[in-house]
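Next up: just one chain, as structure tokens, the form predicted alone.
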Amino acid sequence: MRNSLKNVYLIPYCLWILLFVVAPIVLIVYYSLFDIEGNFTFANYANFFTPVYMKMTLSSFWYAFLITLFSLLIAYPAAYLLTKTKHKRLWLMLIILPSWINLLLKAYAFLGIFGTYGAANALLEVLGIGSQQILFTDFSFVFVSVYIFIPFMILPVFNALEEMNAGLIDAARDLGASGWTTFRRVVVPLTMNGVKAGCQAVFIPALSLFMITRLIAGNRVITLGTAIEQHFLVTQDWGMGATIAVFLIIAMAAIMVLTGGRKRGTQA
């Protein structure tokens, strides 16, 4: 009786997965098998391996790597310091709060900040450096992307640090380990699951960015997400756009498998 009741509870979950996960993926694969004229073909997959799309793929992975790296370098010490503060939950909420704001609004805000007469150039003028072209550069693209994704990196790292047994740090100090050695040999390994979760949460969506590349980078940064948008909305070549999406899905699944290690054993 209890098992049959559990099966009933699984029905809404299974329907949700079928309708909003499996069905969209099947549709993407289906559209990838047709050319712009509606003829069945595998040419889209062959075209993906041409130099143009390979360069675009490498560019997407490179920028996603940079965004993830800088997010981690900023988020890890920030999360570590948060665990030492008095009102850490309040500070954590204040850091996460900007993620509730619409992405488009944040992008337009940075258009004003990094513009010719924006706050960033006003500060450079005060410092005597002079006005610079900040907007529509690789720097502005990576900076804004890191700003947007940092909360998604801080949260899992913070949770991993909070769950860590503080007695292990005291034990390392008692055994003569320095602060740096304790951090490197004890804290970092014990929080690696949080780091992996944060890297997943940043790297995977960073692979398919397109709005920021258009507004902040001025299309100087071309990624797979930008190509998908162009094929679906401009060239109307849904088959090629769907093909790129198929490879993005495969890449994201591979990343999740590679970084989705589980803890072995249980704590005593």
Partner chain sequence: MKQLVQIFAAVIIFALGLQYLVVYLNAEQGYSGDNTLTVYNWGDYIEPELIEEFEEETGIKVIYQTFDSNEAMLTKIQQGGTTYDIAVPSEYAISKMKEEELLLPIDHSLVPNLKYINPRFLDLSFDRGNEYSIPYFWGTVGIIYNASLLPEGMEFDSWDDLWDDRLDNQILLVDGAREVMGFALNSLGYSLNDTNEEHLQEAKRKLNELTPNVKAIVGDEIKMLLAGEEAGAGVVWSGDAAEIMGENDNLDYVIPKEGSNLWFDNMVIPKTARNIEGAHKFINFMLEPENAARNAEYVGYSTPNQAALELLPEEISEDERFYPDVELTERLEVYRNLGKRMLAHYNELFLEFKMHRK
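Residue numbers count along the first chain shown, from 1. All values derive from a computational prediction rather than experimental measurement.
What comes next is about the form predicted together with its partner chain, which does not appear here.
Undergrad: Though only this chain appears here, would L111 touch its partner chain in the predicted complex if you measure heavy atom gaps against 4.5 Å?
TA: Close contact exists here: in the predicted complex, L111 approaches its partner chain to within 4.5 Å, heavy atoms only.
Undergrad: Given that its partner chain is not shown alongside this chain, does F136 nevertheless sit within 4.5 Å of it in the predicted complex, heavy atom to heavy atom?
TA: Yes, F136 lies within 4.5 Å of its partner chain in the predicted complex.
Undergrad: Any chance T116 has a heavy atom within 4.5 Å of its partner chain in the predicted complex?
TA: Because a heavy atom of T116 falls inside 4.5 Å of its partner chain in the predicted complex, the answer is yes.
Undergrad: L66: heavy atom within 4.5 Å of its partner chain in the predicted complex?
TA: Contact with its partner chain, no.
Undergrad: Which one of I28, L33, L215, C199 is close to its partner chain in the predicted complex, taking close to mean a heavy atom within 4.5 Å?
TA: Going through each option in turn, the one that passes is L215.
Undergrad: Suppose contact means any heavy atom within 4.5 Å; which members of 146-171 contact its partner chain in the predicted complex?
TA: If the 4.5 Å heavy-atom criterion is applied to its partner chain in the predicted complex, 146-171 yields nothing.
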